[in-house]
Ligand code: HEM
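A single chain comes next, written as structure tokens; it is the form predicted alone.
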Amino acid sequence: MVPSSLIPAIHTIAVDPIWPISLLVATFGIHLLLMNIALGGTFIVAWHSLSGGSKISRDLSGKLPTILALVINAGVPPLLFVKAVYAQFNYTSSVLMAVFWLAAVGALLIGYYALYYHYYRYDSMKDGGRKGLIFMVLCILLYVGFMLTNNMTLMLRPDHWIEYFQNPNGLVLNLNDSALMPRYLHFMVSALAVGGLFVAILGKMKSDQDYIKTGSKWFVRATIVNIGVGLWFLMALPRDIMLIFMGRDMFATVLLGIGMVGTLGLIHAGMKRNVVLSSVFTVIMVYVMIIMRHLLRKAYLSPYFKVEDIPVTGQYSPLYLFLISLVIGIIGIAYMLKLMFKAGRS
């Protein structure tokens, strides 16, 4: 069977694709940074709980529920933009793995409420129960991340969709993809680094050197490990796609070079415990990686689909409405966070 015959017909789009793609990059960066803080922070709390907990883990556990709520809300816009541009691919992959995908939604809700319970019962729970609960949340977040990675890679593999005919029950995963595990681990290890950076930022705000020292250690060590994971990910890509980042496409190659130099900058700033510089480098590197991710998706889908071929209807009013709603939403969230921080200080 020809894989292209399984791809649904191309759909129309309201505005020029450059708009949803640009907004996808912009909003996904926000979501990714928050997700890394939530996952990395949960891992750090779980790790510190093995030695009986600490001031840092207790403080961090109180912030994780709010951060996870922001992660979920910030994840909606980029997911919608993916579906706006790549609907025939992403909807198909979601249906193929529907059982795992829907289970991830339920698991995420359980994890969200478990974080609240963990914080508000932190002192009253027995040590074993507290450890068990935070490790359960960590497993849930790791599961959700794995399912997201599966979905976002399965949509790039129409040649793998034929497995549906042997497994039509929504249980198809992209496990035969050699790049799946390094891609997943690349995101997970990045979360440890950003989680550590968040601890260091809290230390900067509190003028607490213990926070800065602990957070910087997590940040530097995870970043060093991620160099190896990133190289594994690059080498696991199909050869023709890997070569795009090795000189075949100058823009992609330059981005890879920036990523490599920027990683050294991250390590240097982290070792110097320069929280501000580490934060600036991290935001820049996140967006460099997101653009590289977009180029990777484009390369995978190039045999089947080109963004330029999408028919544009020229209806810009939904875009204007979204942008207005986005600004109002950001202002509303900022105001709620301000009230929350004010209440926390009183």
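Every value quoted in this text rests on a predicted model; they were computed, and no experiment measured them. Quick note: we count residues from 1 along the sequence shown, nothing fancier.
The next section is about a form of this same protein that is not shown, the form predicted together with protoporphyrin IX containing FE (HEM).
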Spot the stretch among 273 to 281, 317 to 325, 291 to 299, 54 to 62 with residues whose non-hydrogen atoms come within 4.5 Å of protoporphyrin IX containing FE (HEM) in the model of the complex. 291 to 299
For this chain shown on its own, do Leu24, Phe28 and Met152 all sit within 4.5 Å of protoporphyrin IX containing FE (HEM) in the model of the complex, going by heavy atoms? yes
Only one of Ala103, Val76, Leu171, Met136 gets a heavy atom within 4.5 Å of protoporphyrin IX containing FE (HEM) in the model of the complex. Which one? Val76
Identify which of Val82, Leu202, Leu256, Val220 has a heavy atom within 4.5 Å of protoporphyrin IX containing FE (HEM) in the model of the complex; exactly one of them does. Val82
If we define contact as a non-hydrogen atom of the residue within 4.5 angstroms of the partner, is Leu96 a contact of protoporphyrin IX containing FE (HEM) in the model of the complex? no
Non-hydrogen atom contact Gly230 with protoporphyrin IX containing FE (HEM) in the model of the complex at 4.5 angstroms: no
Just to confirm, Gly145 within 4.5 Å of protoporphyrin IX containing FE (HEM) in the model of the complex by heavy atoms? yes
Counting only non-hydrogen atoms and a 4.5 angstroms cut-off, does Leu192 reach protoporphyrin IX containing FE (HEM) in the model of the complex? no
Even though the chain is shown alone, can you say which residues of 178 to 212 have a heavy atom within 4.5 Å of protoporphyrin IX containing FE (HEM) in the model of the complex? Arg183, Phe187, Met188
